[in-house]
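Form predicted alone, single chain, as structure tokens, below.
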Amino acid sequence: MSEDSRHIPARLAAATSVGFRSLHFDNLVVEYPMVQAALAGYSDWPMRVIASRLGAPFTLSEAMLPRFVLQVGRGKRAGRLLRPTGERALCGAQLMAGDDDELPAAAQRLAHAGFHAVDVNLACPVKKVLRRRRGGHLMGQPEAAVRAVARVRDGLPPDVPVTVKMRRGLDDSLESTEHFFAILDGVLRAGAAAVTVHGRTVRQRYEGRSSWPFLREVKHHAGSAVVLGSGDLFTARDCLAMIHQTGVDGVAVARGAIGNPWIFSQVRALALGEPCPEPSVSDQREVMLEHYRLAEETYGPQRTGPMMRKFGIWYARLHPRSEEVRLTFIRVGSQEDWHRAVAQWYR
């Protein structure tokens, strides 16, 4: 997208407070049209709690393999991974789709764990996932993709909605586009309550621009079905621009929410025509300390320091001296390191 294509007309700020409606995933009502997307290695329980407290009305867990969901015990590991956000926040669990028979039972266990919805991943572009014929691989296998979603739907009670994550195809070929729309129509017929579409192909992974014109075409094709857009959403203005330009019903914020959970409240403020300043250094400090505390509660003191290093690197982007702060967090390996870095840079 060019800078011009991301421009939001001045009238939009006045219109969005009226025009933005809640999302309906069947009987589940998400009160504002934003979702924290599933993020491999990131959207764990602590990140989802922080996002929810700062305005995300719905969050998604990392993608989980069906066999893992069924085999993980009931100890600490299950407690970490099969843990809804809590605090009365809406949260879905994402299942990595494959053409196997374990999907219904896995979906059922996720619902029993307390997740409000189950999201089926047909989009993951990671090579090892593709080699195992899961995730984005199914964007080239319409029958298998629709069958996977139908199996999840069959495994769940009627009051637990199924949503689907897709990419705009395996590649830029006409065949991939035809497969995309065959899958879209098929999963909606199979009972999907909503579809999130990432505007890049599987082959693109995260390179190049997300095709927002394609999202507009998808929403036009889907009619009244709920469609969320994803891709290149790094600021509040990006989120409003996508809704305005494409007509999608809402947005799923992925990498734009790592280290920037304030994006959810900023979108609400901007849509209402209110100020949406960047969080102060003091605001950042309080959230970063709480994020670490929640992570330590989840993973224990030994694992938390190295695990939180990647979050610190993302949080550093908002700091006025971001490069220096980033270099500090690269060296974090313990609670003491984290607190020392925060004390040094976030007074």
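Note that residue numbering begins at 1 and tracks the sequence as displayed. Only a predicted model underlies this, so the values are computations on that prediction, with no experimental measurement involved.
There is another form of the same protein, the form predicted together with a small molecule; it is not shown, and what comes next is about it.
Using a 4.5 Å cut on heavy atoms, which of Leu233, Ala117, Ala194, Val129 is close to the small molecule in the predicted complex? The residue from Leu233, Ala117, Ala194, Val129 that makes the contact is Leu233.
To verify the annotation, which of these, Leu54, Leu294, Leu39, Ile313, has a non-hydrogen atom within 4.5 Å of the small molecule in the predicted complex? Only one listed residue qualifies here, and that residue is Leu39.
The chain here is shown without the small molecule. Which stretch in 249-257, 265-273, 147-155, 101-109 comes within 4.5 angstroms of it in the predicted complex, by heavy atom distance? Looking at the other structure, the answer is 249-257.
Looking in the predicted complex, is the small molecule within 4.5 angstroms of a heavy atom from every one of Ala63, Lys165 and Tyr206? Every residue of the candidate spot has a heavy atom within 4.5 Å of the small molecule in the predicted complex.
Even though the partner isn't displayed, in the predicted complex is Asn121 close enough to the small molecule, meaning a heavy atom within 4.5 Å? Contact check for Asn121: yes, within 4.5 Å of the small molecule in the predicted complex.
Going by a heavy atom distance of 4.5 Å, is Gln94 a contact of the small molecule in the predicted complex? Yes, contact at 4.5 Å.
Using 4.5 Å between non-hydrogen atoms, is Arg134 touching the small molecule in the predicted complex? Contact check for Arg134: no, nothing within 4.5 Å of the small molecule in the predicted complex.
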